[in-house]
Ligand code: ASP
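Single chain ahead, written as structure tokens, the form predicted on its own.
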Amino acid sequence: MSDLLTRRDFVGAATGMAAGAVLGAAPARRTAAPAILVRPAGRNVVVASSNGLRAVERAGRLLAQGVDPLEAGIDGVKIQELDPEDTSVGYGGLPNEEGVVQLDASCMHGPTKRAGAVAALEGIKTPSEVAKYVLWYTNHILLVGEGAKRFALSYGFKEENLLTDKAREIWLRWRANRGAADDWLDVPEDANLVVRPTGTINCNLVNAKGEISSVTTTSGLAWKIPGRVGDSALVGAGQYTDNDVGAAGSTGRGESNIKVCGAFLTVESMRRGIKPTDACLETLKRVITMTEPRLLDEQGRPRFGLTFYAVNKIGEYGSASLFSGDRYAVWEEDRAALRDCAYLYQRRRRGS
């Protein structure tokens, strides 16, 4: 028998030996043809802020049924938007300083490279769905204020009063206590006053085919100046998707995120091969460097909160927050769960 290998045998043997070296397996036998490397199958993963536990479960089950990632994500966050007990988004969200609920939302669909958003939207319970309509049915990306509401009404959305009794009571208590020199009487100190909460839900999804989408929806910063728009309505800040890489989004102080284009920056870090959690941490470090001194304490730590969430194309996911103790929601392997966020700083103790 000749000691020479045919070209086909040589290529097959070389491929097998390379695979064995990488995987630590026994030496491969000579093959009759070149080996074909098959990429592992993808998986359905949904990642969201901690208030999105119901959202990730709903979205995950829809992904398993073959529903498009964007449709699944919006169907998930609508659970929170329609819940009057949730003061962070949609119906029942906390109002601006004049007692008016103004909502923001944005979304991106990786496969079609399209985006849609609405800002300062009044009277419509599900801004995420209106943002989706902007994405699918217009050549624009962002509609705001009265124009956004007229657009929603033209598609059959119903105008409703979004200020629930619960949110109104919280607002009235804030108004009564905001200053000693104003014309409002203070309420008792033990009235469990909510001072200045923020509320948002971000949801990022990838299906088994590697199709990616993201959506963020919010009622914004409580007691904000009317017309204020945070990061949630801004593509690249509140959320961002690149179907070749992954998706990311945020909750927390929107102004600090806007200055670093945080969702875009997180996705770009993943493009360079950084894992999702580490990408979120890198973005938080950039936030610190871009924070003005008045918003930092004596130790250089921020006086606000901010959290990022991310998932990449192969279903790896993660989250990171400025301070310890925060959690996030994830759906994988047919179940939803809360996980601990990575963080930059140990959370302050009261009085420290």
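One rule holds for the numbers: they count along the sequence shown, beginning at 1. Keep in mind that what you see is a predicted model, and the values were worked out from it rather than measured.
One more form of this protein exists, namely the form predicted in complex with ligand ASP; it is left out here, but the text below deals with it.
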Gly262, Thr283 and Met290 each touching ligand ASP in the predicted bound form (heavy atom, 4.5 Å): no
Exercise: Lys149 in contact with ligand ASP in the predicted bound form, heavy atom 4.5 Å: no
Is there a non-hydrogen atom of Leu221 within 4.5 angstroms of a non-hydrogen atom of ligand ASP in the predicted bound form? yes
So in the predicted bound form, does any heavy atom of Gly199 sit within 4.5 Å of ligand ASP? yes
Within 4.5 Å, heavy atoms only: does Arg253 come near ligand ASP in the predicted bound form? yes
Of the options Ser232, Ser128, Gln80, Asn204, which one has a non-hydrogen atom that comes within 4.5 Å of ligand ASP in the predicted bound form? Ser232
Taking the partner as it appears in the predicted bound form, which of 108-116, 158-166, 262-270, 244-252 has residues with heavy atoms within 4.5 Å of ligand ASP? 244-252
